[in-house]
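Two forms, one chain: they're shown below as structure tokens, one block per form, named structure 1 and structure 2.
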Structure 1
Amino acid sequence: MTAQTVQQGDLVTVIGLEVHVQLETDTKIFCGCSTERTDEPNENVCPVCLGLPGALPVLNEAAVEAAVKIGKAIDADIPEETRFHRKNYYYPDLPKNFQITQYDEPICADGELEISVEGDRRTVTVERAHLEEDPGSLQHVGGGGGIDSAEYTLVDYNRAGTPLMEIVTAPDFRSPAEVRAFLAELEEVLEYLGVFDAERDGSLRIDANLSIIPAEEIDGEDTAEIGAEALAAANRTEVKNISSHKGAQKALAYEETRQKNAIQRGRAVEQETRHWDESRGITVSMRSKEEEKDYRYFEEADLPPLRVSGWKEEIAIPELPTARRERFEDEYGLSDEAASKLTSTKQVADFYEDVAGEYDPDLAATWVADNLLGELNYRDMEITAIEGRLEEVTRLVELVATDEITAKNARETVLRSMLDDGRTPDEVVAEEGLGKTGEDEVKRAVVEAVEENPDAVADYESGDDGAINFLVGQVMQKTGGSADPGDVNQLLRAELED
């Protein structure tokens, strides 16, 4: 945590998160139904995930492996023994009227994740992470579609039983920007581990607790240590329905301002649950009956306890983004910024290493981090969209590295045409005549330019060095832009020396 000087009357924002991530397994957590998305409701359901009487859950080994990988990645303890509980509540998205989850013995405890916020590195504590099943999905139909005015409810249990990991942080965040940085880093780590697909709808769901505390409640100058009493004394709101790291930053910035305004006007902040309305960009009170939550947790006797602490040693995980970023800086001599861009997803990092293995690492970095990602980003595309065409990008880098085309043409014409028209680099080069103009042709153009522009030559000879630029322009025009401007400059000067 960065030390910040705080003054009397200052307010400090305190945020903690509960992040639900959907684990990428082929089947559900307690039955063999597929987790594949389908538009047909109630297609991937069976007696277990429908909660039919007598059905017995059996734990999916892949979900446990994914949980252990996450634990390992965030340096959490995997306790000797961990078990499941039933969390009881009645809502139609839960066919059994209870959710199988973990309570007092979660599979991961006391982990941490390092993040970078505006150049500062800091560590966020992950208090616990546990396995649970996803509920089904509801549609509120009729009466304008709102949840309160709906005429009836349609229920689809395809999603019920999808494995989730709930990751709970300490109240370590002091700004919405920090929350966003954490979620982006978490997504990156989970994708590296291969246990998560960010593109999948609903794969990330966030509940955030936010409270505002008077700065004088903080001991000393370090804002990291917030007294438990001060935290308990402040009313907090729980903001639900956040589904992306961008959304989290927006929702929490709104909520932060709302609470600060209330406090500055001398009004109390209600302790309540609020719903993030993404389309309107505001949080709305859920007006829930503020009845004390009573989930009557009890042990799930159908699932024997797990003893998997040894798996932490046995299961290998890949090099994680932070480690890879540091290695890229050391091994390839990249800047922090370039290394960060190049490790933003595993696919990008893997591709960079392929290219850097064959060509100059700096050239490879420019091509992957700036040109390729830049053009993809401009088109709202991810590298996964051109997964099958990465060899073509490598070929383009080769054309530049071997001086067959200019960097400018490669970037502005070939790469763009590859993405927009689906042509291969060699097709674009041939069809657009972009092959670097032969030396003879450039020399001829230089001689012509000198002959045709006696005024510019005279200016140059009388000491106006800027006149050379005009002549370079003439040569570039004659060669259709395919000559290298630096080479042309050299050739012109040599010609004029004679």
Structure 2
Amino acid sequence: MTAQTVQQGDLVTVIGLEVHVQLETDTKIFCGCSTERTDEPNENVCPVCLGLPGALPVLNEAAVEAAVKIGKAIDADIPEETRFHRKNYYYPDLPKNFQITQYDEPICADGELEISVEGDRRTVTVERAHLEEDPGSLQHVGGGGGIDSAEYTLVDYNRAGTPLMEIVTAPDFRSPAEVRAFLAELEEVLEYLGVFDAERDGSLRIDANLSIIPAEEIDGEDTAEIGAEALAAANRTEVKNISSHKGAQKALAYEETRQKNAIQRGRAVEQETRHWDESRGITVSMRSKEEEKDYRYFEEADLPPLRVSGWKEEIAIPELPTARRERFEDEYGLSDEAASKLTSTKQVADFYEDVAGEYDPDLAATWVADNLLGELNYRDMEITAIEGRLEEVTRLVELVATDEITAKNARETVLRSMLDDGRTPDEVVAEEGLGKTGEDEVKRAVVEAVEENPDAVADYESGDDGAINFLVGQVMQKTGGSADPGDVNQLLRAELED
């Protein structure tokens, strides 16, 4: 991370993450139950994922392949052999009273991910990433509806056994904004790999450990190099129930402020686990913070060691967001901002390349990055919502590129009608009469506008260049908005200068 100088008396925020990623597989990690979402509780369950006596786990090959892809993407070490362990604790959503996970021999270790925060590129260390099974889900009912205020809680084991990849970072973050940037970059990478579906509810869940350390306890002046002794001495809170980039920033900003206020008032910060209550925008205490020894890890006797030697070399990964962003800048001459927008998801990047292959890359960038994504964002839609209609969007770009309609009409009428009414570009153009006005008709409208507005002409001739905008508006009205404003501007100036 980039060095940050601190002054005596400063309080430094230190954050590390445990990111739980649901892997996109057809079946659960240790049994053949479906991972498809269902509204019927406890439907996709079997003796294995319910932890019934005598039921034995069998490892899902697709989950291992997804884990290897993630390891390669973050440039992690992938050992020749790895093992599973039992993490022992009691909670209602854990039917076996232990979780099959990985402990001291994870499938991925010592990786890294580069992020950008306000234009500053930084590298975050990923200490480990390991496979494990997801617990079930709890539904808090009645009362205040929260974990600390419900009348009772229901348990649904449909999610139990869904394959998870837990990605654990070093305590490299110094602000909630950096955490949000990391999560956004990580999600992009996972989507490019095809191992993750961001639209699945609960597919990304974050536990964040946050400590506040007085600057005088840090060796040196670089906040990126906080020693192990200072970290061990600081009490930290683990914040759970975070499920989005925005939620992570909000939760950690609240917790950061809460801890700093306590320290400044001379109160101790308790080492505990806290629950992020998104509806109230606060964290609430759940329990004292467990330590590693509390989980009594021991090797899972029902699963043999996992060996991926040889096989891992055959698992390929696609071009990742950072590499594609850089290629778009070099190959298409795009700015960093445009390239970042166009690689925000694999679907957007693929679509842009399809359009750029047919038309001018700059025109394609404007239409995909600004017009299309802008209109989709306004409607709170993802590009996947129009996945089957991308040929129609390409046709719209063609109408503009071949000068058949104006860019203004294409953006403000055709594109919006396509998204709101489901019509095709050609249907909108025909029904709204948006075909571009011929040059002779535009010239006639220019002459009429000049003749009908002598005051604006006089203003222009006296040096008021803004008067031309009024005249352009008059011509656009006469042509029903189907003339190109740039062409109208040039024709008006030519007419006025004769």
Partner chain sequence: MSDDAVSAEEVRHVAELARVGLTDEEVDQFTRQFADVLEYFETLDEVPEVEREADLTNVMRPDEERDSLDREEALRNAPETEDGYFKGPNVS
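These figures come from a predicted structure and were not determined experimentally. Here, residue number means position along structure 1's sequence, counting from 1. The term rigid core refers to the most C-alpha atoms you can superpose between the two forms while keeping them within 1.5 Å.
Comparing the two isolated copies of the chain, the first one is the form predicted in complex with its partner chain. Residue displacement note: Asn489 has its CA displaced by at least 2 Å between structure 1 and structure 2 (rigid core superposed). Superposed on the core, the two forms barely differ at Gln22: its CA moves less than 2 Å between structure 1 and structure 2.
With a cut-off of 2 Å and the rigid core superposed, Asp459 has a Cα displacement that reaches or exceeds the cut-off between structure 1 and structure 2. Here Ala449 exhibits a Cα shift of 3.8 Å between structure 1 and structure 2, evaluated on the superposed rigid core. Relative displacement of the Ile468 Cα between structure 1 and structure 2 on rigid core alignment is 4.7 Å.
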